[in-house]
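The chain below stands alone, shown as structure tokens; this is the form predicted on its own.
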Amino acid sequence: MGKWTRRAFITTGVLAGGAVIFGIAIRPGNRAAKLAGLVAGDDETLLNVWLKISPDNTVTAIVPHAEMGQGTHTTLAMMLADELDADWNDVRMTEAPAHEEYANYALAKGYLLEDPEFPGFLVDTVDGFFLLATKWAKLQITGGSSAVPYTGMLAMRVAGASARAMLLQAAADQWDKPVESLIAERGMVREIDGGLSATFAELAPRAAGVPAPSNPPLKTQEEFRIMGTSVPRLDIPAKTDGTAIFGIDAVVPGMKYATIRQAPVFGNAVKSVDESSIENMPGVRKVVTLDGAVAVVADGYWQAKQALDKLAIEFEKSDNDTREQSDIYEHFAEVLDAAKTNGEEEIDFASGDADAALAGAARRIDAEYRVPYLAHSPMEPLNCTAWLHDGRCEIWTGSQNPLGFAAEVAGALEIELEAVTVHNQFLGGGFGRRAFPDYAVQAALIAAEVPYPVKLIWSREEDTRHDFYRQATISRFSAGLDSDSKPVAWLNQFVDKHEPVEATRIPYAIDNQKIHYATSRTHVPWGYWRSVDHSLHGFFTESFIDELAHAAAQDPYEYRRDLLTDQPRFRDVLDLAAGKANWGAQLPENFGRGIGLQKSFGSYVAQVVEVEITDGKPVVRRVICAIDPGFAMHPDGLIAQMESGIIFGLTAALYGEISIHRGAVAQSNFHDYRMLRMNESPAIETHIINGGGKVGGGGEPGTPAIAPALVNAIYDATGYRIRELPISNHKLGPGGLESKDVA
């Protein structure tokens, strides 16, 4: 049958309601006609599942992803427009509605099948399966660096290429010319050697009747005109002139404000509420008791907050009320010991015979690492405005999964999904937190108790204490070195595995590996956090390989490089980062230099940190980052994401710690859950390699390598090995942290 290609979407066009619809035709049937009513305005005459063309020749990309600062709206529009050969000056973007027909099947297909290739006649069936699956799962997620590799490559580019072919064929039919004699460029179709030409808008109605190619050819990199350039982002003008609307900016006539307090200990219920203390407070409208939480509705947020602070609330008790962070770490150690002793370890990856190789090694190195719980802390507080009227519920918020939010709200209110409308806005940060619909469900339930719209705003304290947290964990390592100090065995045991599955894997040529884990039970809710398991395993593995290099008395960069002989893309980013950092050059006194390496979400990243130790504290002076994403669709946007991921990771490495005291989160706001400030931020240099192959992501990969590069730099400067984060808990210098290195 020849090679199957995952890009082989079949695209069709139909004339519906006066609008030309170019859409991905997915069995069963053509969805285009019913989609017309979802996204077409009265003044729009041309519509498409992923694009619409207006009479003024404006092309609008319909993007099924949220914009939270990562630039995805622009990049996906670029990918569509380039394949279409539209004029970028005439390209616009609109976010897809939170509707089942816009469930993101391309994301699910790319994620689950990795690199599927299918003949054209099977593409409809495969896509139809994933559409049904994502409809059922209510999947319209933004996260996991998935927009460009999956939605962009499997939907936007294909839709643009197919529509372009249809427009060319329409012109050929209209002019009675061979299609090979025509060319599309900058929103026009014209004869290559003649004078005939027409705009896309003029040709679109006829193109609706043209059979869509089942496998439209995509451009090669040499043919890109928009992809690979740093066009101005579509969201920046509104964000700089103040017209951008975030969830918290939503205003609905007649709305009131609410804020909420949840049981300090996760899972505990409300026992009693005494409203007598707030009876005469001005502006207070209603007290609403939910499962495990109490909300106050008032004319303004501050009035609601003041009343909530005075409200006498008693919560039920549970066995978790006595839990301390030390108890949780003790539990982790116990499950690790028990799994190893009882032979109940869950194997994550194994090759060779690691136990035998370790036993026969000339030298053994052991280490244990710990990381704490981490919160997301997006700058925009969690918020949602809800309005129940005429048997419907409308919500205004910033969500990483609008369709999923609609489904959760519908379930909570016991109404049909079709009765919920989500008006998704810009997100003032997400990092995974805004994929969880708890605050939207709360807003809807509160609004169900009153006859007016309600805007629920969480306080910063509530956000800090009721997040879905990056897990705390322990990771233990043992390695065996041969007589030449080369690693012959690598053993790693850790607590709790989430995703991605490959986060624990190392690129280094070590024949005998055993990576296994144990599962814990704690009452602290887990959530997706930027780069998910890569954020912690990158710290573990790249710290430990650094320890092996120092135990071997070898340069950490050269030691890594020698173990990457069969990994050219890893070596390339490693070499580039080290070269740009002038690795090996002498540093000033009290300075150190460290390196870290990680592949995550399809992109290869190496980072070098230069740190100065001042008054027992590390000050990060410079970060050099090299990334190979396969191909950088928007280089400036990718650089911005690397900078963002680095700052995010530095914040966590230096300061991030959520700890449990008496069953509840001890931290409450930015005074005790610190962020990296502008005056602490280092100079950051990012260098891009377009290494080819599968395109990787940009939002997540900047974070995992920064923590190990930093602690490795601190070791270089001080000789102290930090194995437990955050770094701020350690005092560096004379009388400070005792080195635990085995040297």
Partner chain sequence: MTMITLTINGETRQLDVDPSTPILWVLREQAGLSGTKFGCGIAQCGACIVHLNGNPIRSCVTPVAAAANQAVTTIEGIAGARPHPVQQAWIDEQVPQCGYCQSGQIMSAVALLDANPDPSDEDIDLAMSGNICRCGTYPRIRRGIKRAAAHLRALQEDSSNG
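On a predicted model such as this, the values are computed, not experimentally measured, just so you know. Residue numbers count along the first chain shown, from 1.
Heads up, the form predicted in complex with the partner chain isn't pictured, but that's what we're talking about next.
Proximity to the partner chain in the predicted complex, taken as heavy atoms within 4.5 Å, picks out 420-428 from the listed stretches 420-428, 174-182, 356-364, 491-499. Shown here without its partner, the chain carries D235, H376 and S681, all of which come within 4.5 Å of the partner chain in the predicted complex through at least one heavy atom. Within this chain, A518 is remote from the site of the partner chain in the predicted complex, having no heavy atom within 4.5 Å. The shortest heavy atom separation between M68 and the partner chain in the predicted complex is within 4.5 Å. Of the heavy atoms in D241, some are within 4.5 Å of the partner chain in the predicted complex. Shown alone here, S644 lies within 4.5 Å of the partner chain in the predicted complex, counting heavy atoms only. A heavy atom within 4.5 Å of the partner chain in the predicted complex is found for exactly one of D562, D511, D636, E223: D636.
Screening G630, P507, P381, P205 for any heavy atom within 4.5 Å of the partner chain in the predicted complex leaves a single hit, P381. Shown without its partner, the chain has T240, D241, G242, A244, I245, F246, I248, D249, Y257 in segment 240-269 as residues with a non-hydrogen atom within 4.5 angstroms of the partner chain in the predicted complex.
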